[in-house]
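Read on for two forms of one protein chain; each stands alone as C-alpha cells, with the labels structure 1 and structure 2.
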Structure 1
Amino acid sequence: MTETLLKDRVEEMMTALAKLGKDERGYTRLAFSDADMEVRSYLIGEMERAGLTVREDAFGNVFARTRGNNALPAVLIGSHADSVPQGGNYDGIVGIVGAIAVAEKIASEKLPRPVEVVLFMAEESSRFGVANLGSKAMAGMLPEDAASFYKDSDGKTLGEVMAERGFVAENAPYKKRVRAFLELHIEQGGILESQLSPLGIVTGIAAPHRYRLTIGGRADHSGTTPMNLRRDALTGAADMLLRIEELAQANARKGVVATVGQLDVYPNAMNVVPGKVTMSIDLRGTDEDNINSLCIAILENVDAIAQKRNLAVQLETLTEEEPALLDEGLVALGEYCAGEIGERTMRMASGAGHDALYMTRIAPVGMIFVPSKNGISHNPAEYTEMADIVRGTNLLYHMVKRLAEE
C-alpha cells in the first residue's frame, strides 16, 4: 500500500514537471532563471499540499518540515531542481519529488522525529561556473567574494542575479541539529544498468577541481602571416586539450577524470589567426592526492606547450573541493532496509558531484542511486524508468522511517 501511495504522488509530480522549462531542445532551468523559479514555485505548492511547514533561507533554499518533536534533530531529505542547458527532467528532479512524496507519507504517520525536505538552489555549475551553491551556503562554505566573483555568460554577478529574485548571495548556515541527510538521485552513468542492479548505495562522492585557463597569442591576418611566424592561441589550446585527455587516460586507473567542456575563441573570425582562447578544465576524483597529482601534471604540460609555441598562459582557480566518504552507518542502513523490502543493491562511488557532498560538513550523509537509461544524463535523452524511481523512493521512505522512529 505504501509503495502504491508513493508511486501515485511521484508519477503526478514527474508528469507535471515534464511540462516546465522545456523546449524542442530539452529542459533548460538555469539557476534563478524564470524556468527555475517556475519549477521552484510548483514544488513549494506541492510541499504545502503535502501538509508540510514551508520556509526559505536568505539564499533561496526551501525547507518543508513535518510535525514532530523539534527538540530532536531532524532527518533531512532532498535534492535540486535546476538543470544544465538542454538537459533532462530527471537529474535532481527525481530526488526532490521522491523526498516530497516520502515526507507526505511520514507526516501522516506522526512519527516523533521531524523530517524536513530541502530544495537546494543552484546545484548545477552551468550558469556561474561553480556548482552546489545552495548547499555550500547551508554549510557556511561560500567564499566571501561569491556575490561579485561568480558571473554568468552575460557578465551578471551572482549577487545581481539573486538580488533580482529577492535573495542574498551569502552564507545562510543551517543552525538546527541534523540526525542525517539522505539524497535520492539518478546515477547519471551506466554502472547500475550494466550490472543489472536496481539500486546503488553510494559510499563516496568525487569532488571537482575547476579552472579557467586563458591562452594568449597574437591576432594576425590569416592570409599574410606565414605559419612559422604565428602565435596561434587556438592551435595551442588544441595541443593542450589533447594532452589533458592523454594525461587523464593515463591516470584513469586512479579514479580521476579530466574534461575541457568550454572553449571561447577571440576574435572568432574566419580570416583572423586567433589571438586569445579561454577554456575550462574540470578535474574529478574520490581521492584528493590523485586529483592533485593529475592537476600538477596538466599544469606542467600546459606550461611546456605554451613555451614551445610562444604563448602566454594564465590559470584562474574557480573551485577546489574535497571529496567525501559517506556515513558507513547509513550505507549499512540502506542495505538493511533494501533487504527488508526484497531489493538488491550494490555499493558504488559517485563520479558526479551532489549537494550531499557539502551536507557531509553538517550531518551524517547517505545517498541512493537509481539507474539511468544507457547511462545518459545532462542530455534531453536522460531517462529513468518510473518503476526504478518508485523503487528508490520506497527505499528512501524505509530508511527515513527507521531514522525518524529513533
Structure 2
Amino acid sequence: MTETLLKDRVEEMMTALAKLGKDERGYTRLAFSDADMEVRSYLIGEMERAGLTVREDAFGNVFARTRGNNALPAVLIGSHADSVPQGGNYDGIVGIVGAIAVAEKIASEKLPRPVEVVLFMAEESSRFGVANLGSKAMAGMLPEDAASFYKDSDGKTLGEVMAERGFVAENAPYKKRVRAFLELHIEQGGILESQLSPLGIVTGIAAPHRYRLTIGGRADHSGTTPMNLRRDALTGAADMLLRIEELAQANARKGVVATVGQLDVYPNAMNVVPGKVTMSIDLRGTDEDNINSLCIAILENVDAIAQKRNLAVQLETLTEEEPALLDEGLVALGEYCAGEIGERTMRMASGAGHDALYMTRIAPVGMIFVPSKNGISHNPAEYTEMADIVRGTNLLYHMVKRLAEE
C-alpha cells in the first residue's frame, strides 16, 4: 500500500523533528540559527538515506534529486524548515517531510522525469524582518544590497550570519527548466476545518498591501472638554475601523480581507482626549483589481469620516506586493488525482505568503493545504492531525507521479 509506506516515513521524520529546536515555550528555529542548521542537517541525512543526490546552492538552499533523464525539466517539491520564535513543528516541516517521503517512493519507481526536493532557507520574516529569502534568491529577486541591508535584532547583517555558515547572501538563480513546483503546507487558517474538508487545492497566493494611517485630532482635558468641542482622534479611528470591517465583509466573496492589527494612541492617558492615532491597514487578496477597488473604497470612506469629524489624515504606503494565481493545470491535476484516490478537496486561496509565490517566476506552481487545528499557526499550539498530513502527502505523491511519468 502506497499510503502505508508514506505514512511510516512521514511519522518517523515528524517524530524525530519534534525533538529538535524545542523548549518549554515551543519550537524556535530562526533562519541560520544553530537549531535551524541542526534541522537542515537532519533533513539532508534523510534525503541521502532516501537515495537522492543532494547538492546546495550558494544561498544554502538544498536540492535532492531522484535519478532520471536530466534532459527533462524536473518536478520540484518542497518547503522550508525554519520557524518563528515559539512556533510549532508543522509550518514548513509538513511540506519538506512530505516531499522527502514522496521522492523516496518515486525514486524506487524509476520514472523518466527527475523529481527534486527543495529545502528553502529563511522563509520566515522573524529574524531579518523579511520573508522568503531562499526562494527569492532562487528566483533572482533579492535586492543587490541584501547582505548588508537586512539585519537581525542583534544588529548582525544577513551577510555576516550567512558567512558563518559558509553561505553567500546573494541571488543564486535556479538555472534549469522546471516542469512544475508543488508545495504541501499547513493552511494556517480555519477554513478547511470549518468546511470539514481535509484537503485544500490552492488557486492563488495573496500578497499584502500595507498602509500606515495617521489621524490627527486635538488632545484635550477629558473633564473640561464638552463632547461637542472635541476632535477626538480615537473615536475617529473607531469610525474608520468599523467602516473598513464593513467594506471587507461586503467584499468577502471576492476573496479579500482587511485587518487593522496595530493601533497606537497618543498621548494614551486616561484623562486626555486622544490627539493622535496611528494604525496599520493590511489588505490581502489574490486578485489585484479586487484589492485595489477595496483599497479605493476604504480611502474614500476614511476621508469622508475625517472631514465629518474635522480630523487630519495622512496615508503612507508600506508595501503593495503583487498576488499570484497558481497554475490552472495543476489545480485541475490536484482535483483529478484526489478523485482517483477518493479524497475530498476544496479550492481555496492562500492568505499567507509562501515560497511558492516566488517559484511562480520560474515554474508552473501548485499547492496543497492540510487543515490547521483551530486555525492556529505561529504558535506552540499549532497542530495538524497525522492522518491529514498523510492524506496531503499521498495526494502530493499521486500528482508528482503523474507529472514524472509524462
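Counting starts at 1 with the first residue of structure 1 and goes up one by one along its sequence. In this text, rigid core is short for the largest set of C-alphas that superpose within 1.5 Å between two forms. Treat the numbers as computed from the prediction; the structure is a model and nothing was measured.
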Form predicted in complex with another copy of the chain - structure 1 or 2: 2
Core fit, then P112 C-alpha moves 2 Å or more between structures 1 and 2: no
Rigid core superposed, CA of D145 - does it shift 2 Å or more between structures 1 and 2? no
How far, in degrees, does the smaller rigid part swing between structures 1 and 2? 25
On a rigid core superposition, how far has the CA of G285 moved between structures 1 and 2, in Å, if you could check? 3.4
With the core held fixed, A248 moves its Cα between structures 1 and 2 by a number of Å equal to 7.7
